[in-house]
Every structure is written in C-alpha cells, then in structure tokens.
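Quick setup: one chain, the form predicted alone, written in structure tokens, and binding and motion questions come after.
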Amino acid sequence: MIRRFDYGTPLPTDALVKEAPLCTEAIPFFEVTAGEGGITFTHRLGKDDLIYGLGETVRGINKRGHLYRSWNSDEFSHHEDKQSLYASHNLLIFSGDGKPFGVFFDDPGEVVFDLGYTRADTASVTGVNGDMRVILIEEDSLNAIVRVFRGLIGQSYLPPKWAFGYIQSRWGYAADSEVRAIVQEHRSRHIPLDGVCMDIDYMVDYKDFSWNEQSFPDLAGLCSDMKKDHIRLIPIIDAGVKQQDGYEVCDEGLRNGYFCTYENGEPFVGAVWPGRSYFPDFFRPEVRQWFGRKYHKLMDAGVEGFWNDMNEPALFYSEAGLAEARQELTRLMDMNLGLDAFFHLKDVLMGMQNKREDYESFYHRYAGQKVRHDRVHNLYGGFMTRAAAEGLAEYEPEKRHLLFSRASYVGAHRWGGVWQGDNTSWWSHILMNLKMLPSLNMCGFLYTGADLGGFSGNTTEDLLLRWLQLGIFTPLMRNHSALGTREQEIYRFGMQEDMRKVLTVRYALLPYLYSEFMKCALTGDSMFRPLAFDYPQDPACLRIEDQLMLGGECMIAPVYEQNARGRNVYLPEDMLLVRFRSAEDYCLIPMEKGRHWIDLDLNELPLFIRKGCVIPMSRGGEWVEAVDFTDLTLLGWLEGEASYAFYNDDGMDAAPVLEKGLQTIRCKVEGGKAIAAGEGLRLDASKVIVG
C-alpha cells in the first residue's frame, strides 16, 4: 500500500516518477507536530525495532541510536559522530513486531533524524522547512518495500560495461606523460585496468571544461592512444565557475543570467578551487542545458566519462564571510590570546568554510518562484548531475556514458552513480564502505563504491589489499587518493602480485556481477542487501552488519581488521565457500548452516554461494572488452538441478530491454556429474560440486 501525505506547501524535488495517492486523514504510526522549528514526526520504538535506510551515512546498517542530518556537506573526516555527509537520502524502513513500513520524507531542505538518540524508545524526524511531502509504504517484507519505493523513484542509472573495470585515480596526475606512465606500468605488469580519473590538475587554473595545453598538449591524441590500449580517461568537473573576464563559461553565464544570485539579483560569489566563483542555477532547465552542453568540448576530444565534485555545493568562503573574518582578525591581532580567545580565532578561520549564513544568502529561480538556497540545498548536486546526464545524452543519445557524483538526493540515482566521498585510510572505513552499500541500494544508487585504499591518510599494503578484496564486488571499483599522501597505485607495493591477483577475480566474476547489476537496475531489486532482508525469520541475521547478500545467489563477508588471518562468519543456510587467491587459484568448500571460523590468509578472499545455486565465471582479462561473456565456468553446489537467469548485452545501449538480454543457464546432476546448458554459451560445469 502506498499513500502520500502533504504538509504545508512542499517544494517539488523530482524524486518520484510516479504519483502516489494523496490522503487527507492522519498519517499512521506517527504523531505530527508543527511549530517554529519546523514539522516533526514522532514514532514510538519497540525494544527490538530496527531502522534501515538513509543511504550515504556513517555508522551501521541499522540506523537506530544516532542523530543524522540531511544537509549535503563537504565533509572531509568521516568520524562516527558526523551527522551529515555529501548526500541526503531521506528513506527510513522500520522493522519490528508488526508488518514493516517505509517512509520517504521528501523535503529538499534540512531534515533532522533523531533515531533513538535523545530517547532510546523514540524516533523523531524534523523538517526544518516546515513543508514536507511524506510517502508511506506498507508491504509484507523489507525487500518488497524497497521494490515498491524503487518503482516510485524510477530506474537506476546504467553505466557502460567498461565502467565495471578497475579505475585508477589520484589527485595529482598533472601531465600527459604521467597518465601514460601509469597506464604503461599497469599494462607491463598485467594489472587489469579500464580507466584513469583526472582530478583538478588537468585544468587551467581549476576552470571547468579547460585543460592545460602545456601539460596536456593533445588531449584528443591522449584519449585516442588510451582507447587503443582499452583505457578511458575520466575528468572531474566542479560546480563552481571561476570568476574571470574572458573565460567563456563565466562570460556566458553572466551574460545570460545563468548563475545563482543574491536577493537583489546580483550574482552570488563564493570561493572554491579557483578562488572567487559563480554557481550555475541548475534548477532551471535552460541552465542545465547550457551547462550540460559544455561537456561536449571534452567529449569531442574522446572523453566518455566524468565525475562531478564539490557540488553540495562546497564553499571555502563567501565575500561577506571573508570580510567578517578579516574584521574579527584585525580586532584580535594585538590581543594576548588566552584559552577562549585562541579557540575563538580558530573558529573564525574555520567557520568561513561551508557557512550556514552563506547558504541562506543566495537564491534560485525554481518552480516558478524565487527560492532561497537553504530551502532546496540538498537538490543542488543531483541537479548538476542531471545537467551532465542530459548533456551527455544529447551528444550521443544511443550510448551509455560513465557519470558519478559526490553530492546527491533521491532522484539523482536516475542520472548517475555516486562514490562514497573523501574517506580515510582506516580499517574502519572498509567496514563503513560495506555498510553503505545496501543503504544506498535501497535509495536507488546501485553504481557506487568507495575510494579503495582510502582517499586521505597514508595507506598500508595490507589495508589496500583487504580493501581491494571488498572492492572487487562493488560496481564502481576505483583506487583514489589525495595529494600529499602515499602514492597507492598497486604497482608501488611489494605485495603487488597479490593485489593483481585480486583484480583477476574481479574480471573473472564480471559476467555474474554485471548480470546481477543490470537485472537489479531494470527490475528495482537491490544488488546488496542486509541478511535480515533475505532471512527475516532468522534472529541471528537481524543483527549481522559485516556480511551482505550479493545478488540472488551469493553472500560476501570481507576481512576488515588489521593483522586478521580469518574471520567469524554466520551462514544462514548451507553454502559453498569459494576461497580465492586469483581467478585461476581457488578452492571450493561446502559448509553447513551455522557459525564458522574461516581461515583467510592475507592473499585470500571469500565468496559464499547458496546451496542449490550456480553462478557464472569467465576466464578474465586485463580489460573489460577482453572478457569473454560466452565462455563460462559455473561455480556452485548442487544435489538436483538449478538455473541461473544470465543477463548480457553490448554494454553500451542506452535503453536495453531486460528480456532481450536474458537467457537461462540450466545445470543438473546426471550420472554423478554436473551438466550445464545455455543457448550460445560454452559452459564448463566441472566446478559445480555434486552431492
């Protein structure tokens, strides 16, 4: 059952593609109060109730017990106490003694989720705007709630098949020669690779849609050479447009009135990488069309993918904020700075960045009215991604392109993927990466992954190796790090051979991973799910947060602790453990339901396949186009027979049809051996355990 409840005058968000029936009676499950602080929905929690959702947030899969704030934030340190990250995904799913229900609080402004933080037995949700649209979904199961919600918000973004390959990235690739050297190192060492991300260093003075012709004298030639080597370049685009006379993007934006403005109509000025900058008003279709077409300049040079950044939008300072800080610094200059004054000085300097008052000072033209930015803040990054997606589709409408963003809101999942932001080289962030996956899937974001090895800080060999062992299962698999940190390309480490072998497993599993991704995207299912979603009657599964279901057949349980040589695993049913060292070196171990200690050396990673299921595996390759999706080995544990719905396509069609890409692989036990059949496929069932 789906019902809609409107409070006040909700602003449109374009999160939904289908209308839900409007109800005028009181919303069930919640007490609703309104006041000067906004509108609040309060729900009493049972002792054992669990709360899922909220997409990209810190802490656990079960969100109960913390205070979260939907306010897209340029947040560098992802500590446990952070209330906001880069995205706002306002879906909650409540699971307790009765039927589960889901609630989407569709408000583009600040929303506070007190989920048992103030009182352990109370969840309260406050929309600061005071205007909110609430979608209530009641179904018999957690998975059904997600499917219904995904049906309301529309089909998830589809990346090209090559975007499922390994991508190398770093803030600091500043020259053509450096990019070529990185690719050469991977190819000469047979380390699989499909893409190289170019951070802000390729630009001229950090200006969008420019490139430094001294460092990159022939971008088209570089793109062409890279494609001959099966590599795509993926440049970054930021939200802020440098304030500079003679810079085409700036001049056009000013001339046409395309930038956000102060209340008096003057263009708003804030600072990011290039210094003083203007910000396109992505809420207006004509601005999105203008900005989206700017991507064509790089596409003319051969670029097929982009990542959008700094689009919360991030603000280093504003003109007003800088003036206030200067005035206060002048006052403090000759003081004897004791405890209070010194910390005040720090607050003055640090307080200029992403200042709330700045977000309250500029405006958009949206939905036929002038709207102050803070009321729609959480939509800005997603609408930038929408501008890019529309521009890419206009350039090549029949083709898929790679596009992922830092900031997002529900609805942006239709236009691009997301990466999980500026994480750190901490072991705890492997686990955070794992826990974000199902929560993001619930909100429609399937093409996602974290910066493997950690963005900030200095990674270690064992940390990177263990993180890669999780990363081989995430649709976006990117190694990314910050300027000034330890260089973390695989070939720089003594354990590079073990890391290379991990990547061979990724490419060998691509037929399964791509098949499951596409089926989930086209049907509204989740690729990653908490165990409780598939085994709701198993009490042990309700509290497990370091294992996930993957697709319809598998479970993953990565090692995420330093110096660990194994881990405890709970099997909710009989499963086949596949212990990989590489695509060629693995062993199959049938295991019974229950708790087990699994020995896993540093160069070993586990994958669990449900008994009675089979999954396809290829022979791998050093790039996606080298992977043969028709010559397949089946892995599994059978007593009778099984079938697998295998999806494959050309990986580029912008509008694939599920039925056209599906075929059934059948496997059965006959004469004590496993025998498989599938039209147009070469199938080896020798790795299917019988009995």
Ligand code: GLC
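One-based numbering along the sequence shown. All figures in this text were calculated on a predicted structure; none of them were measured in a lab.
There is also a form predicted in complex with the ligand; it is not shown, and the following applies to it.
Proximity of Glu553, Arg610 and Trp637 to the ligand in the model of the complex is absent: no residue of the three has a non-hydrogen atom within 4.5 angstroms. Checked against the ligand in the model of the complex, the candidates Met299, Ile236, Ile544, Ala583 yield a single residue with a heavy atom inside 4.5 Å, and that residue is Ile236. Residue in contact with the ligand in the model of the complex (any heavy atom within 4.5 Å), chosen from Arg386, His364, Arg400, His480: His480. Across the options 92-100, 439-447, 417-425, 211-219, residues that bring heavy atoms within 4.5 Å of the ligand in the model of the complex belong to 417-425. Proximity of Asp525 to the ligand in the model of the complex falls outside the 4.5 Å heavy atom cutoff.
The closest heavy atom approach of Arg406 to the ligand in the model of the complex falls within 4.5 Å. The ligand is not shown here, and in the model of the complex it never comes within 4.5 Å of any heavy atom of Tyr570. Under a 4.5 angstroms non-hydrogen atom cutoff, the ligand in the model of the complex has Trp273 among its neighbouring residues.
Interface residues of 298-333, taken as those with a heavy atom within 4.5 Å of the ligand in the model of the complex (partner not displayed): Trp307, Asp309, Met310, in sequence order.
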